[in-house]
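The chain that follows stands alone, in the form predicted on its own, written as structure tokens.
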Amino acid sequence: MTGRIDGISGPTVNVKMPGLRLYDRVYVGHAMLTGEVVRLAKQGAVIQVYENTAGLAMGEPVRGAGLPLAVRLGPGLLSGIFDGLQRPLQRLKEEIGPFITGGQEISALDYTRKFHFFPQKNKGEEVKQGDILGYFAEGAFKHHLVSRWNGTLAWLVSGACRLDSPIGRFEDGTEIPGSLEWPVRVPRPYRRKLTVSDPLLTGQRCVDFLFPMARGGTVILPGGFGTGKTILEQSIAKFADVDIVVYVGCGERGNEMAELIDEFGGLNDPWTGRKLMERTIFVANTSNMPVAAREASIYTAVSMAEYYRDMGLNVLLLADSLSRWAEALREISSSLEEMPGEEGYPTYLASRLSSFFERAGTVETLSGATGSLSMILSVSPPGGDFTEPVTQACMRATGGFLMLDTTLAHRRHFPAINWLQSYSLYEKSAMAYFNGSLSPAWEEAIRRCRDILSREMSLTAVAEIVGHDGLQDADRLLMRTAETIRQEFLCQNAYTEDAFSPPEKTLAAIAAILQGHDSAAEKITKGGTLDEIVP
């Protein structure tokens, strides 16, 4: 299936080519640039090109692949660094140097590498769709291979094998590959979606204690420039209690992405003691890369995350940031001359975001295991305006809202999470979990902590009128305790040993603060003064 270029407008190209289908993958021009069909007409189509279109000319050939934009899934993805089209950047550097040129096609999986396969089914066994045929040894993980067909096994390999050769065959002749391709815009199947219940531990006291996350849940981190969104996401990526981390630098500055990758290479996982990179996948679509590939990057990442979820693993997807993804969507929509919505974003912005968030969740996989895919996504509202369309669309579809406050950031309070404006819809289930597994004091400590912080806000307004010395000793004690909670409990330095705080340490820290407050309050009740009790 071939055609010719009929028009060029930035990353969008008009072609005369009958027979194309919506979202088909195509190769554009003599340079074989990767593109995707985004609009169809009677005798042609509009193609969104995921690479730089500089140098393209009218009349150059276009070839259809006959398949949608897809990712390759199989062993060998862990520790990898990919761009928005799932091209392995490390291998691209080895082959063509540090700069990516147009038309570079290289598989995400290394087909020259051999993996050891351990079969769990025997010749002649009846296999159903969803049955585990065996597993590859991939680092510390058992990379399960799930059957996509029903049938009787004719043979199954045992030992080292390459992914470009079949690892088995059914008696009807159907070959069993060691890897597969999956369309990035199509959610992977599962038996059923389960209720989100277990908390997702992040090691961040403010998050785990006041605004807990859940495995399978979705949370956004909106904040203006300099509020610490990237640092908070990176801290969570390092310390979250999950099996696999997929980190997407969506329009991120290249130096920040390089710094993050370099840092991860030397870190140990606090939960297992192994290298953190062994359970991490990076999708780096930096700000100098083609804008169209930025729009595809989050779908590339979530497809890989779903693949590991389907093995019964707990996966965390982090993206920085959704605002830059939405800007790419707006730019593409404008080049397609679509009707603009609020602030120039396409009218389908909210529905596109909602359908993406729906790919998170805790599910029963086709093999009967339980896996989860959680999402933590940063948002960069222009000027810190949380009423802008991207933030509002995310708030309607997510279960957690951790507002990063510019005022707190300017006071060097990190993470700069505003404890009065943020919320989590997973708090009730997380509280029940911690009350049962850790201590019943967890719920009471949260209630008292919030009460002290809330009352401090009221007393601050009074102190501005009468002065701090004009307050009663009990009120001054409460303000002192609130300051201790803010400075010693809610603040957490991402570059020291305090960067990771397990639940036991978190509860002990807040309990000590509250105990000190109660002891001082009792002495004030008996007639003591605050200056005598607290030097």
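Only a predicted model underlies this, so the values are computations on that prediction, with no experimental measurement involved. Residue numbers run from 1 along the displayed sequence.
Missing here is the form predicted in complex with a small molecule; even so, the following discussion is about that form.
The shortest heavy atom separation between residue 65 and the small molecule in the model of the complex exceeds 4.5 Å. The small molecule is not shown here, but in the model of the complex it comes within 4.5 Å of a heavy atom of residue 252. Residue contact check for residue 412: one or more of its heavy atoms lie within 4.5 Å of the small molecule in the model of the complex.
In the model of the complex, the small molecule lies farther than 4.5 Å from every heavy atom of residue 348. Here the chain stands by itself, but in the model of the complex one stretch of 355 to 363, 252 to 260, 78 to 86, 277 to 285, 252 to 260, has heavy atoms within 4.5 Å of the small molecule. For the residues 300, 323, 230, 372, the 4.5 Å heavy atom test against the small molecule in the model of the complex is passed only by 230.
Interface residue among 487, 43, 472, 493, judged by heavy atoms within 4.5 Å of the small molecule in the model of the complex: 493.
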